[in-house]
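To begin, one chain is listed below as structure tokens, in the form predicted on its own.
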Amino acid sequence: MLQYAGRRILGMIPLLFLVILTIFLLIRSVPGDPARNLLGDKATPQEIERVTEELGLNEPLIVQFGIYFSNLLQGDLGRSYLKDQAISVEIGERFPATFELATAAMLLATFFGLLAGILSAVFRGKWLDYLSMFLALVGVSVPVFWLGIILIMFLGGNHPFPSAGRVDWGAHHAYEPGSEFYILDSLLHGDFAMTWELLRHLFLPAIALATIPMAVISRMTRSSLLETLHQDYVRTARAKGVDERRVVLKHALRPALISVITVLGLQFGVLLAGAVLTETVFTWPGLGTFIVDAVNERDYNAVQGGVLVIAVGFMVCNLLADLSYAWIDPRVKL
């Protein structure tokens, strides 16, 4: 297992380099001038030239990439052009919000997706199967931003679920978070009232973000479980008189989860990268809105740093999914 993990990690290095190079080239192909955005429309050509030189944007692309990559190897993501702040600090403030949102959405999607897929496979051809697959189709088809607006219209407001931000600081003056992971921090401090307040703010955006992965997980679970239920060892278990619930949950479900685990890893990476619309609709101060703002302002270092963090997170999710195969199905070790 350790050798396999080591090979996978080594294989991620050239892929990560290609991601870094692609991000670097793509962001510089976007029309716009960071120096002009920084100085404003009334800036003179001399001022723009001076700032361009200070930022190092007058150098050839190969030189700019060499400087950026050299700093990256030292753990330096650069500084924001607009805020003159270290990118690592800004990402450290924004990423926990996106991680909390993506984790909550993934938990909802996994639980209800697995439940719908199992019920659909067990009751194949019956009304429960048709209902589950219809809801899955709706979940994939409905745009996230539209669903978010609908949730805000019918459930938003202060009661029962807030529709903007991570927390209402005005109602909790005494709370001072020790980290940007607010929910974990409130639990460690025993401030359960604050935990409930944070979960209330998290509920609506998590539902909106969970719909698409929930639909994908339910359809994959149904397909994999139906295939496994027709295997010889499952028929043998039934012939021995094993309880049907045990047949489904122990003999059939665990091997069927191999394909589902792959989807879970991919979908969590997608949630980390694709929460932009959800964060925008619910004014969620996460990494997605940070990258969008940086693109609009042509803040090259901010975009490169944000996308790089998401790319690394996506790779780690896939690696963990691969390593979990052997735990789900021991036959993979062979």
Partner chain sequence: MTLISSKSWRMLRSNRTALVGLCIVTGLLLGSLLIPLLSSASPDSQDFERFLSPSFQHPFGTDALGRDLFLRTFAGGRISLFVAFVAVGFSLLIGVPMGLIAGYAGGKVESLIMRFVDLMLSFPSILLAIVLVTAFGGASLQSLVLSVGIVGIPQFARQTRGEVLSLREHEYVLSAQALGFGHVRILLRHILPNAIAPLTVLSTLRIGTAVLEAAGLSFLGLGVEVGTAEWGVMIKDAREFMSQSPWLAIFPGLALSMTVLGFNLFGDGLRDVLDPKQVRKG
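If you superpose the two forms and keep the largest set of C-alpha atoms that fall within 1.5 Å, you have the rigid core. Every value quoted in this text rests on a predicted model; they were computed, and no experiment measured them. Positions refer to the first chain, counted from 1.
Keep in mind that the form predicted together with its partner chain is not shown, yet the notes after this line are about it.
Of the candidate stretches 81-89, 138-146, 202-210, 108-116, only 138-146 has residues whose heavy atoms lie within 4.5 Å of its partner chain in the predicted complex. Checking Leu188, Met153, Leu249, Ala193 for any heavy atom within 4.5 Å of its partner chain in the predicted complex turns up a single hit: Met153. Shown alone here, Tyr68 lies farther than 4.5 Å from its partner chain in the predicted complex, counting heavy atoms only. Although the partner is absent here, Ala311 is a contact residue: one of its heavy atoms lies within 4.5 angstroms of its partner chain in the predicted complex. Within this chain, Leu61 is remote from the site of its partner chain in the predicted complex, having no heavy atom within 4.5 Å. Using a 4.5 Å cutoff between non-hydrogen atoms, Ile23 counts as a contact of its partner chain in the predicted complex. Three-residue candidate spot Leu101, Cys317 and Ser324; no residue lies within 4.5 angstroms of its partner chain in the predicted complex by any non-hydrogen atom. Shown here without its partner chain, the chain has no residue in 77-100 lying with a heavy atom within 4.5 Å of that partner in the predicted complex. Comparing the forms between this form and the one not shown on their rigid core, the Cα displacement of Thr283 stays under 2 Å. Here Ile20 does not count as shifted, since its C-alpha moves by less than 2 Å between this form and the one not shown after the core is aligned.
Once the rigid core is used as the reference frame, the Cα position of Phe268 differs between this form and the one not shown by less than 2 Å.
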